[in-house]
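This document opens with one chain alone, in structure tokens, the form predicted alone.
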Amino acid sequence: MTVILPAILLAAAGLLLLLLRLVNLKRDGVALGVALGGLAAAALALALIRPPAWGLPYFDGTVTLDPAGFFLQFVVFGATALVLLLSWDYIREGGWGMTEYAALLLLATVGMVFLIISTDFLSLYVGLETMALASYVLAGYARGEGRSFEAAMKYFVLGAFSSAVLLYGISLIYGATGTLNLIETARLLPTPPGKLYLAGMVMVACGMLFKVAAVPFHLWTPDVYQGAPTPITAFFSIGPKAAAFAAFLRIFSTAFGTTAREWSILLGLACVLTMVAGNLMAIVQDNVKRMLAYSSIGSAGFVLLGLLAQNTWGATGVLYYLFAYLFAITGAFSVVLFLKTKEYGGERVDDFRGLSRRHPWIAFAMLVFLLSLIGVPGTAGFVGKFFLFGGAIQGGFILPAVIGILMSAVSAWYFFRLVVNMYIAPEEPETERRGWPVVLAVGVCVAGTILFGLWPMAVTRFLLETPLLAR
């Protein structure tokens, strides 16, 4: 019970919000307070779980809290809390209702928690669908906006298809091994692996590659990111993606770890295509949300490098990069939201013209976030990429690592278009000043990006000295 207590507290807070809506209590401040309180209680409950409980199977081995799961739960809690702050002005101005919105975010976070701690295919799939169903609604939450409705429909149709592929792959794995437990799957794997197992493994890989927006399963990402409400786009960029990568790491390191030779070619190809396609397609984007969407696709390729490496540095790189990405991508979308004047304003590259003269602090913050996304030393993003590329080289995947370094250089090309507009371009369009929650979120993200870029050992010592996954 202790291991799932954070999820129980989040679910209770979400249900309480729905009850408040049922009795017609529509005060947005109360809803925000309940949601943030639920997240704080869940984080405290997680922090109080002592290391002796880590790595032990619970509920017949369906869930396990290991250091990787412990760490990534804090990442998704932080992502949800920051998105709630970003949403304060946005939801109130749209008149869409904070109570149901906060409840959906908390229920999506419950799904993410189970996705992170599951060591059984069945509980993992239930967590995935809990997260996905809430996400579909959140993508279309801007009622009356055509692009928001389009984003929700595309996300739902393609997400349902990918879930079906994943579930069919799980059924084939079960047919080949007779178990749904990830650890038992590795132990009961026939030698050599049969065609049934290999087909299931490929289908599971395809389903998970869709969830992390890897090429060629990425086509939904730009449209969904552009059409969804901006705070939800920030949420999609890190929360569900971090949870999906946690499941990806657990499946391929634990259940499929003994057949790395069979799946490394598939993941290696997806990794290279994702890094190259994501960053090259971002170059031609004029809409900042689409640019960040393609950058997010490229970043998924970088994380796949860590999965491919199958060593301590690679796993550390996956976790640290997701941690660093939380601050950089959420901060970047916070600035986009700060510049929003009406409807979908503040999304074009030209909207950043003269930002350094109108709001020098916000322009500096955006510069910090872009440098972290590129991977410039002194930022948290650099540390994450250092471990990812180092792990890939240690694992013998030198060519993908070199391609990743080159694509990081390419990302500097399109991100510095924003820098030029902020600091050099003369035009200064009018923008509306946002409320304190957005400014607070920007400040937290700047502090995290710089602090953990200059003092990474605060996190990496824990990741490097601890066996990250339960075996």
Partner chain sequence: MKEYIYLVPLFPLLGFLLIGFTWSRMPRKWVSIIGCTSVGLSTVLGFGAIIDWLLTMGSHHPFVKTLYVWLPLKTAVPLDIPFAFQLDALSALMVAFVTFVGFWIHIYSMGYMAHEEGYNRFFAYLNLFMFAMLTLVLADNFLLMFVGWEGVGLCSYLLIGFYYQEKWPADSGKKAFIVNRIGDFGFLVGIFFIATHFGTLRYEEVFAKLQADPGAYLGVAGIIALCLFVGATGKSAQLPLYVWLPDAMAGPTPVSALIHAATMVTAGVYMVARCNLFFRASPTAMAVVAVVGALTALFAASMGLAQTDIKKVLAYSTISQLGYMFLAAGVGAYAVAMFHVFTHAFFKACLFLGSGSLIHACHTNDIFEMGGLKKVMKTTHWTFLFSTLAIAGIPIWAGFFSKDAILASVFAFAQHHHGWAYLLYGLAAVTAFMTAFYMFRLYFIVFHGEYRGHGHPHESPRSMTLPLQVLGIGSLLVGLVGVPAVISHLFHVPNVIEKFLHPLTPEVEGLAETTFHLSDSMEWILIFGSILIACGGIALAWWLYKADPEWKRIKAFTAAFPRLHKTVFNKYYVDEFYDATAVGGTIKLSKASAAFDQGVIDGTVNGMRHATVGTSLLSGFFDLRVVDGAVNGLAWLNKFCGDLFRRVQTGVVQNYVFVFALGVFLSLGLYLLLK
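Since this is a predicted model, take the numbers as computed values, not measurements. Numbering follows the first chain given and starts at 1.
Heads up, the form predicted in complex with the partner chain isn't pictured, but that's what we're talking about next.
**Q** Could you tell me which of 321 to 329, 239 to 247, 73 to 81, 257 to 265 sits within 4.5 Å of the partner chain in the predicted complex, going by non-hydrogen atoms?
**A** In short, 257 to 265.
**Q** How about Ala412 - does it come within 4.5 Å of the partner chain in the predicted complex, if we only consider non-hydrogen atoms?
**A** Heavy-atom contact with the partner chain at 4.5 Å: present for Ala412.
**Q** So in the predicted complex, is the partner chain close enough to Ile405 to count as touching (4.5 Å, heavy atoms)?
**A** Taking the distances in the predicted complex, the answer for Ile405 is yes, it comes within 4.5 Å of the partner chain.
**Q** Closest heavy atom of Leu339 to the partner chain in the predicted complex, within 4.5 Å or not?
**A** Heavy-atom contact with the partner chain at 4.5 Å: absent for Leu339.
**Q** So in the predicted complex, is the partner chain close enough to Leu32 to count as touching (4.5 Å, heavy atoms)?
**A** No - in the predicted complex, heavy atoms of Leu32 and the partner chain never come within 4.5 Å of each other.
**Q** Which of these residues, Ala293, Ile251, Val383, Ala300, gets a heavy atom within 4.5 Å of the partner chain in the predicted complex?
**A** Checking each option against the partner chain in the predicted complex, the one that comes within 4.5 Å is Val383.
**Q** Across 158 to 189, which residues bring a heavy atom to within 4.5 Å of the partner chain in the predicted complex?
**A** Result: Leu158, Phe161, Ser162, Val165.
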